[in-house]
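Below sits a lone chain in structure tokens, taken as the form predicted on its own.
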Amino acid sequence: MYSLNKDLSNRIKDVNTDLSNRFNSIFNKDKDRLRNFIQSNVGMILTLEKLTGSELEDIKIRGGLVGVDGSNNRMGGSYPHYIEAFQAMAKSTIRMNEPIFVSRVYTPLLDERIQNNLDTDEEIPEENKDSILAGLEVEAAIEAVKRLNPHIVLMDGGLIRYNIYAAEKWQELMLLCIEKDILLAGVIKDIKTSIIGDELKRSFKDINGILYDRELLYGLLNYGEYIPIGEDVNKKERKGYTSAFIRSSLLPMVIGLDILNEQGQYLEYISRLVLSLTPENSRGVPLWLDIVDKEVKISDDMLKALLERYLDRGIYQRFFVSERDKRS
């Protein structure tokens, strides 16, 4: 039984009260009114049909689907005595026994940029994890496009992050896909946009704070409905992407979808594919991306086993076993 701290309990209750006071007036709005507002200001709410058997067979004939995801894990103590492993994976639905892995291992102990600063009190910023992982995912996708020639590439996450963290490689991947007529899309499990909220604040001056689409769309769409986001409100459109929200499972949460502007005419087709590949009683993610996610994952046990096997025992113990690990 946990020992309950009364002060901590009260502070959590305060958060609940504050969130309720701030958002209930929005969440309690008439559902039909909010749906009508979205259709007038963001995009039409449309119903998707799953792909037919012949359409799925056509994807198979044209090279199938490749799912791409990445993972990282860290072992050791505090800076700089840790080691971090990164890997990305691209896996085809057609050539399942030919997964493509791209990996990297990082430790500040071998970073030449900080060698002369280890004796100071100033901590050097860690290498950007997002840049490493995004770069590896794009590398895996490029290799898959070249080697496997799929019909569709599904990235795990929004496409705009590759603009930010892996711009040069991402440009190469986009050009390759456009040249080879390969559809490139990103599935966003945890949407962080505030498109609907921004429009609500523009229309109703008494609404304050950030209203995220994740909360506003919770339970608002029916299973199989989607919203192609209008160009005039989609901030990603200016970065080169066409986007949509989809309720792809019976879970009331909505996911997001990005595709290239150059392939914008396929937004409904890719949305139908996502719906077709997502089990009804799931968290809303296409099954193939869930499979890739599980296979690319670097677990604690896996990383520990790799370090114990391939590092000299003295190096492992001296540099990467923390005091906490020794206690356990």
Partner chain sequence: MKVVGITTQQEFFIGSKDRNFRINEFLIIQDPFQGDLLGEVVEAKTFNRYIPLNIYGDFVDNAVLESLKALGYDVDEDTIYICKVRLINEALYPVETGSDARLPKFEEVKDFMVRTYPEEGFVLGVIRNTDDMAFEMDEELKGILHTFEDGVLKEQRELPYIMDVKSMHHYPHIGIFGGSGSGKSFGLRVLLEEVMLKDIPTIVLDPHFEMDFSTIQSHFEDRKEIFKQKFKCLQVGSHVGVKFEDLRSGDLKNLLDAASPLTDAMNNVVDIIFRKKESYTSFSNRLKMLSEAQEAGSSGEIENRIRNAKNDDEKRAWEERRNMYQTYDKTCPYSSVRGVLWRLNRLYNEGIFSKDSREIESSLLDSKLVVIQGSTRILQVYSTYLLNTLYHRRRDYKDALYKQLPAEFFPPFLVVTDEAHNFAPKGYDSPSKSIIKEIAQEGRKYGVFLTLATQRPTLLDETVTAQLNTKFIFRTVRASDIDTIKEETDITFEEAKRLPYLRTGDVFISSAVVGRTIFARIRAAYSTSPHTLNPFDELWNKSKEDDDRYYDIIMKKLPISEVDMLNVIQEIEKEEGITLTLGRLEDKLQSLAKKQYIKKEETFLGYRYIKV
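Note that this is a predicted model, so its numbers are computed, not measured. Residue numbers count along the first chain shown, from 1.
The same protein also exists as the form predicted in complex with its partner chain; that form is not shown, yet it is the one meant from here on.
- At a distance of at most 4.5 angstroms from its partner chain in the model of the complex, none of the three residues Thr107, Asp111 and Lys304 contributes a non-hydrogen atom.
- Just one of Leu34, Leu56, Ile45, Leu260 comes within 4.5 Å of its partner chain in the model of the complex, counting any heavy atom, and that one is Leu56.
- Residue in contact with its partner chain in the model of the complex (any heavy atom within 4.5 Å), chosen from Ser40, Gln265, Ser282, Ser299: Ser282.
- The shortest heavy atom separation between Ser92 and its partner chain in the model of the complex is within 4.5 Å.
- Mapping the unseen interface onto this chain, Glu295 counts among the residues with a heavy atom inside 4.5 Å of its partner chain in the model of the complex.
- Contact check for Thr278: a heavy atom falls within 4.5 Å of its partner chain in the model of the complex.
- In the model of the complex, at least one heavy atom of Leu65 sits within 4.5 Å of its partner chain.
- From the list 142-150, 202-210, 92-100, 239-247, the contact stretch for its partner chain in the model of the complex under a 4.5 Å heavy atom rule is 92-100.
- In comparison with the shown form, the Cα-Cα distance of Asn97 and Glu308 increases by at least 3 angstroms in the model of the complex.
- In summary, the C-alpha positions of Ser282 and Met96 diverge in the model of the complex, ending up at least 3 angstroms farther from each other than in this conformation.
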